[in-house]
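Next up: a single chain in structure tokens, the form predicted alone.
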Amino acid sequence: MEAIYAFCVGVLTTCGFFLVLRGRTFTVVIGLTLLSYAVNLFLFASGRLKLNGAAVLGKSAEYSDPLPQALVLTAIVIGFAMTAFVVILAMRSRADQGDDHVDGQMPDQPRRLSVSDKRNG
């Protein structure tokens, strides 16, 4: 179970980094969201994965550590606020610049040959 969990965290992290390195702001926002999900899963796993563990002492023989759960809840709230802020920045950037590229410039497009260029050469 731990290997599958670690694999899923790794896939989320890899996809998040890939999307953060893209040129459009929407993919950067999705990448940051995936990275925050990966961090949340990592924090949750730091409390050890237990089945049938109670979050409150005295309810069962085994209990789960409540600190990682509190950290994950805090990280979810901070991640939501960060995502909302970045979306607002992306919308403002698109309104001001007219495109949604991260650096504000369109990438170089390959030059299309016109009919006269094709005849000449």
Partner chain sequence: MQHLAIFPILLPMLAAVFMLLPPLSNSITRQRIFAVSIMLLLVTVSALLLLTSHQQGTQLYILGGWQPPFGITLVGDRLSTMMVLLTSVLGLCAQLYACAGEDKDGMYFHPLFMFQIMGVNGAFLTGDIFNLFVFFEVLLIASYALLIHGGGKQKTKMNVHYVILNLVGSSIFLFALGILYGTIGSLNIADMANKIRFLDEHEQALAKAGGLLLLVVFGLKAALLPLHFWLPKTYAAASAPVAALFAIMTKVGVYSILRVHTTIFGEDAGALASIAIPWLWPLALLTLTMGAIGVLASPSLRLTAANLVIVSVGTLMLAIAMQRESATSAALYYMMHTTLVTGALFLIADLISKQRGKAEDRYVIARKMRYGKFIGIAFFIAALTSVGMPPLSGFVGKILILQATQGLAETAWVWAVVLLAGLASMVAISRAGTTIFWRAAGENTNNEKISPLKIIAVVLLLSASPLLVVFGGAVTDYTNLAAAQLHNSVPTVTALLPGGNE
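Since this is a predicted model, take the numbers as computed values, not measurements. Residue numbers count along the first chain shown, from 1.
Missing here is the form predicted in complex with its partner chain; even so, the following discussion is about that form.
Asks: Check Phe17 for me: does it contact its partner chain in the model of the complex (non-hydrogen atoms, 4.5 angstroms)?
Replies: Flag for Phe17 set to yes.
Asks: Quick check on Asp96: any heavy atom within 4.5 Å of its partner chain in the model of the complex?
Replies: Because a heavy atom of Asp96 falls inside 4.5 Å of its partner chain in the model of the complex, the answer is yes.
Asks: State yes or no: in the model of the complex, is some non-hydrogen atom of Glu62 no more than 4.5 angstroms from a non-hydrogen atom of its partner chain?
Replies: Close contact is absent here: in the model of the complex, Glu62 is far from its partner chain, nothing within 4.5 Å, heavy atoms only.
Asks: When the contact criterion is heavy atoms within 4.5 Å, does Val39 count as touching its partner chain in the model of the complex?
Replies: Output for Val39 is yes: heavy atoms within 4.5 Å of its partner chain.
Asks: Can you name the residues of 68-97 that have a heavy atom within 4.5 Å of its partner chain in the model of the complex?
Replies: Read in sequence order, the residues that approach its partner chain (within 4.5 Å, in the model of the complex) are Pro68, Leu71, Thr74, Ala75, Ile78, Met82, Phe85, Val86, Leu89, Arg92, Ser93, Asp96, Gln97.
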